[in-house]
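This document opens with one chain alone, in structure tokens, the form predicted alone.
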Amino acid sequence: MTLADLRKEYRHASLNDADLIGDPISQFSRWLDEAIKAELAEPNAMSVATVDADGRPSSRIVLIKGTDQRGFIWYTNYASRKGQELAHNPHAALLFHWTELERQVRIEGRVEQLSAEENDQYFHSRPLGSRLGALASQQSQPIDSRAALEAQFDEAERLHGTAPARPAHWGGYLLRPQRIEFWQGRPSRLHDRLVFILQADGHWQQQRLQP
């Protein structure tokens, strides 16, 4: 079998206009809850796509850590590649893909850093090893070996003990959405695609797109 022969007929569900909540962030929360209840592997995993100063895109998988009426939240090293790209161009795209439910959610918007208070609160809720790892790793920078990385962790543990403070280079991002698309797989590739686009007056316009 070749890659061109790999096919799947989507039959799990449908998505009608009347099925959607008028607020797309609430609709996203509903779908995320359904993915969690279905016991999918890492239902909170999302792709984050950014662009560099030359307009070249890059993407990676991170874990969403919160959502509210402002938008979508994750945490990382501000000096990482994605942090540097967001500092240059604050627009980003998120993608959730829940294979077993035959669903995708595509989110586009503008990203901003969270407040120091929110960053501190989340940082201190993390397991100790994760907090020390944030101090030990200069994310996205080259390193000679795995042993050197582990030595940096040991040094962070020696210096900071069991109560490490949040480093200034580590914190959260909030993506304020401007476009959110809900995709439900359907037979014969006639997939349901319903998109919400934020209007200048703050309300969401809903449209159906051709698959």
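None of the values given here were measured: they were computed from a predicted structure. In this text, residue numbers run from 1 along the sequence as written.
The same protein also has a form predicted in complex with a small molecule, omitted here; what follows describes it.
Of the heavy atoms in R81, some are within 4.5 Å of the small molecule in the predicted bound form. Within this chain, Y75 lines the site of the small molecule in the predicted bound form, having a heavy atom no more than 4.5 Å away.
Using a 4.5 Å cutoff between non-hydrogen atoms, H169 does not count as a contact of the small molecule in the predicted bound form. Of the heavy atoms in A151, none are within 4.5 Å of the small molecule in the predicted bound form. Residue Q139 is the only one of N119, Q113, Q104, Q139 with a heavy atom lying within 4.5 Å of the small molecule in the predicted bound form. Contact annotation: of the candidates I61, A165, I143, A147, the single residue with a non-hydrogen atom within 4.5 angstroms of the small molecule in the predicted bound form is I61. With the small molecule left out of view, the stretch that reaches within 4.5 Å of it through heavy atoms in the predicted bound form is, among 62 to 70, 176 to 184, 31 to 39, 155 to 163, 62 to 70.
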